[in-house]
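One chain is shown next in structure tokens, namely the form predicted alone.
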Amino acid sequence: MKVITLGTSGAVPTLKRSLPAAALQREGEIFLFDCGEGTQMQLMKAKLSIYKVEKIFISHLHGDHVVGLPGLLMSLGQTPREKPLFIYGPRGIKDYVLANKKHLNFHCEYELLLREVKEGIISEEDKYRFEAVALDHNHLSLGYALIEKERPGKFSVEKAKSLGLEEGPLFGKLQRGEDIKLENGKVIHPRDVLGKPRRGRKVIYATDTRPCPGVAKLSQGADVLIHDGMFSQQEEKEARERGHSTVTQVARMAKDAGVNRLILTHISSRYPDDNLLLKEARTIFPSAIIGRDLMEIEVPLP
């Protein structure tokens, strides 16, 4: 799994920063968070295939977060894509997409599934789920989390052999959580040869927002938190008025939540040199990162 910060600017693009978008690549699937202007170009620069995008999560309907979506959908319409594309977002995302389809007169041969969602679990697969959380912005906004389910504990070859098993297909069945029955009638359960279940990974995406309890709670023990860090602490009043966070506020929240990696994004164009922001954040959270376009961050298994 890895995170690719495709666009890290807030409100307006700069020569170094594109508008908000982040990709999460997991075992061949790509999940896209926000789709600012130029996102499909950033995907190409990152060598990420738009055809592998499975789900798109839109935080809110401000232009810097959604203007790239029609172009991406039109490009996908030029391909022989057969699998459906899911788009999740707050109330209004369906009208936005359908209005663009109508007025720009483009068609999707693939199935386009639009989901207007609220807080809670919004998508569940065999090995992971996505949750949404309400943000504190000046417009209806959502943050998102990918949360992997627990993995089976470590397989003990020694224990398996002591129970009379030989290496082969039966090992695999036990690792998949299946009981097996030997010829003598003895039943061996996965718990007999597996250690304690191992937790999965958790990645959070939250922008635009003031610091809020919902994100702090969801971020507990997160492997990666990608969070609005638009302003320096010196602009705390402006951040509050505009519905954003200072890097200091986010660093405190990440520290209290026990986050492993903090990536600050949605950086204001007033900071062409982000060293001030980095210094402020690292005073509290030493491993904080200021996101830059096309940065890749590996998310290893625990």
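All residue numbers are counted from 1 along the displayed sequence. Just so you know, these numbers come straight off a predicted model, no measurement behind them.
Another form, the form predicted in complex with a further copy of the same chain, is not on view; read the next lines as being about it.
Chemist: By the heavy atom within 4.5 Å rule, which residue out of 214, 152, 200, 71 makes contact with a further copy of the same chain in the model of the complex?
Modeler: After the contact test, the surviving option is 71.
Chemist: Heavy atom within 4.5 Å of a further copy of the same chain in the model of the complex: which of 103, 196, 181, 127 fits that? Just give me the one.
Modeler: By the 4.5 Å criterion, the partner-contacting residue is 103.
Chemist: If you check in the model of the complex, is residue 95 within 4.5 Å of a further copy of the same chain, heavy atoms only?
Modeler: Residue 95: contacts a further copy of the same chain in the model of the complex.
Chemist: Under a 4.5 Å heavy atom criterion, is residue 99 part of the interface with a further copy of the same chain in the model of the complex?
Modeler: Yes, contact at 4.5 Å.
Chemist: So, in the model of the complex, is residue 281 in contact with a further copy of the same chain at a 4.5 angstroms heavy atom limit?
Modeler: Because no heavy atom of residue 281 falls inside 4.5 Å of a further copy of the same chain in the model of the complex, the answer is no.
Chemist: Hey, in the model of the complex, does residue 274 get a heavy atom within 4.5 angstroms of a further copy of the same chain?
Modeler: Contact with a further copy of the same chain, no.
Chemist: State yes only if every one of 15, 37 and 61 has a non-hydrogen atom within 4.5 Å of a further copy of the same chain in the model of the complex; otherwise state no.
Modeler: Spot residues vs a further copy of the same chain: full contact, yes.
Chemist: Which one of these stretches, 127-135, 71-79, 152-160, 107-115, sits within 4.5 Å of a further copy of the same chain in the model of the complex when only heavy atoms are counted?
Modeler: Partner-contacting stretch among the options: 71-79.
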